[in-house]
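Shown next as structure tokens: one chain only, the form predicted alone.
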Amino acid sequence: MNARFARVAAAAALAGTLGIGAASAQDTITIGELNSYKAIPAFLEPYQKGMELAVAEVNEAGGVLGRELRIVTRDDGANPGDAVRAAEELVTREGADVIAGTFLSNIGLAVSEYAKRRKVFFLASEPLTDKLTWDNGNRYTFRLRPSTYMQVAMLMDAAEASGAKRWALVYPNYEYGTSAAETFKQLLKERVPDAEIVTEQAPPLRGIDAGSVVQAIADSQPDGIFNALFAGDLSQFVREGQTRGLFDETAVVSLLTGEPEYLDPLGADTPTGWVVTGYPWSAIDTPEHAAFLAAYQDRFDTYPRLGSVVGYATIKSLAAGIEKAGSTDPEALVDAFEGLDVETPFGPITYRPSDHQSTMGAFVGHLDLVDGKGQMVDFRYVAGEDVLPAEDVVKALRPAD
């Protein structure tokens, strides 16, 4: 984590607020937000900027129900137990009306269970595991980002079209990675019945031995690779794989790799030809995104990352939900969020009543080198509703509230 962000995070934690003026507590709506700021700074520094921009816009427009938004942040230590303790502190000591955030899937699940037990409204902004809205879903938890199922489904046309039959899987060994791998195996069997999985490599999160992983994959002689690594693990895997020629004759489909947080550090080492999900911020030509991009660059003098969009849409969603509910009562908020429509930089989204999953989509495209830097090219936006199972299907996956 760079020094500037360390100062910002520390100041936010000490002051307990983000993006508000001198309004008194009774004049504000308090959003308790927790996240793995120290563990995942590449994503979460832009995420915090996105939240700040959205709070400023909402408050400058008169707030919500005539009250300003106030964000109180906590670092969850990338640990489920610490996250639950942070959530409890936000609710009981800071008077949070709602809780939001989390990045890692195991953290999101822990906070979701806390929200269910305490009957507190929780908007999970980032964690991707399918369990959050399906197997472990509950009345008080909603999710913004497209899930592992949704993003894997976005890649299946490319996986099938590649003609690959011998697939190697590589993913971080925690909830997000295992969820992504299981979904890929399920959808691959449906789309390419005679395909086989020749190896699965599941290194620990932020602890990959890239040489051993690449060698194990090469030894299995795949003609296709499904990758779900991200951040530093991804960079090490890519560079080691490039050195050994692992990707030269192998189709690769990859979750998240087109996000600037992970693509930019690769620079000239970006592997070309991979089909990825991501965020090609500089080439999206829609009015909604143009307005967001201009506001973000004007405020921060830098370009947005995907985290910026997620943080911004998290606050916009909460503001819209509270406005619709007419209060911050958890039961009223749940009812308001079921079917809630929200405008985001990616266009309008809806929170589905059946599984509390938003229909935010993602961009899918190929990786290429442009002026010595990695970029997504030939991309398209895939709306979340186009890859989600029907609502009657997912209802059967969720436990009774």
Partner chain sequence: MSLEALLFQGLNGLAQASTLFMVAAGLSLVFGVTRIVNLAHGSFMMLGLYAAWTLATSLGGALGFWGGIVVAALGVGLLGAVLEVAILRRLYRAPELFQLLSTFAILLVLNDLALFLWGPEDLLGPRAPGLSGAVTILDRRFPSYDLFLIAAGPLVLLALHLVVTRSRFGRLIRAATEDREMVGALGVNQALLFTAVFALAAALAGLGGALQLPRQPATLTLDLEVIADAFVVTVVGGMGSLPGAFLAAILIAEIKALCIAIGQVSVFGVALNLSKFTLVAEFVVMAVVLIVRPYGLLGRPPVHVREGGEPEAPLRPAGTPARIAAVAVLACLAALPLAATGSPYTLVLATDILIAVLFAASLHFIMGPAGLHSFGHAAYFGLGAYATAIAVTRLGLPMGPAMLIAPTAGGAGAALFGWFSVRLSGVYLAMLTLAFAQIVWSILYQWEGLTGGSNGIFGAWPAAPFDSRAGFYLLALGVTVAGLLALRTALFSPFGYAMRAGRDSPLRAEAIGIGVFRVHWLAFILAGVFAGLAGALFAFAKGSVSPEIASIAESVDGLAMVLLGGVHSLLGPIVGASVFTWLSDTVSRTTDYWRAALGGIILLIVLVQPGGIMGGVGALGRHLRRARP
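Numbering follows the first chain given and starts at 1. This is a predicted model, so every value here is computed, not measured.
The discussion below concerns the form predicted in complex with the partner chain, not included here.
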Quiz prompt | Contact segment among 148-156, 283-291, 320-328, 214-222, judged by heavy atoms lying within 4.5 Å of the partner chain in the predicted complex | solution = 214-222
Quiz item: Any chance Phe300 has a heavy atom within 4.5 Å of the partner chain in the predicted complex?
Solution: no
Quiz item: Counting only non-hydrogen atoms and a 4.5 angstroms cut-off, does Thr102 reach the partner chain in the predicted complex?
Solution: no
Self-check item: Proximity of Gly361 to the partner chain in the predicted complex, heavy atoms at 4.5 Å
Solution: no
Quiz item: Glu196: heavy atom within 4.5 Å of the partner chain in the predicted complex?
Solution: no
Quiz prompt | Answer option from Glu52, Asp355, Glu68, Glu45, heavy atom within 4.5 Å of the partner chain in the predicted complex | solution = Glu45
Exercise. Identify, from the list Ser254, Thr250, Gln201, Thr183, the residue with a heavy atom within 4.5 Å of the partner chain in the predicted complex.
Key: Gln201
Quiz item: For the spot marked by Asn59, Lys189 and Tyr381, is every residue within 4.5 Å of the partner chain in the predicted complex through some heavy atom?
Solution: no
Quiz item: For 75-98: residues with a non-hydrogen atom within 4.5 angstroms of the partner chain in the predicted complex?
Solution: Ala78, Asn79, Pro80, Gly81, Val84, Arg85, Glu88, Glu89, Thr92, Arg93
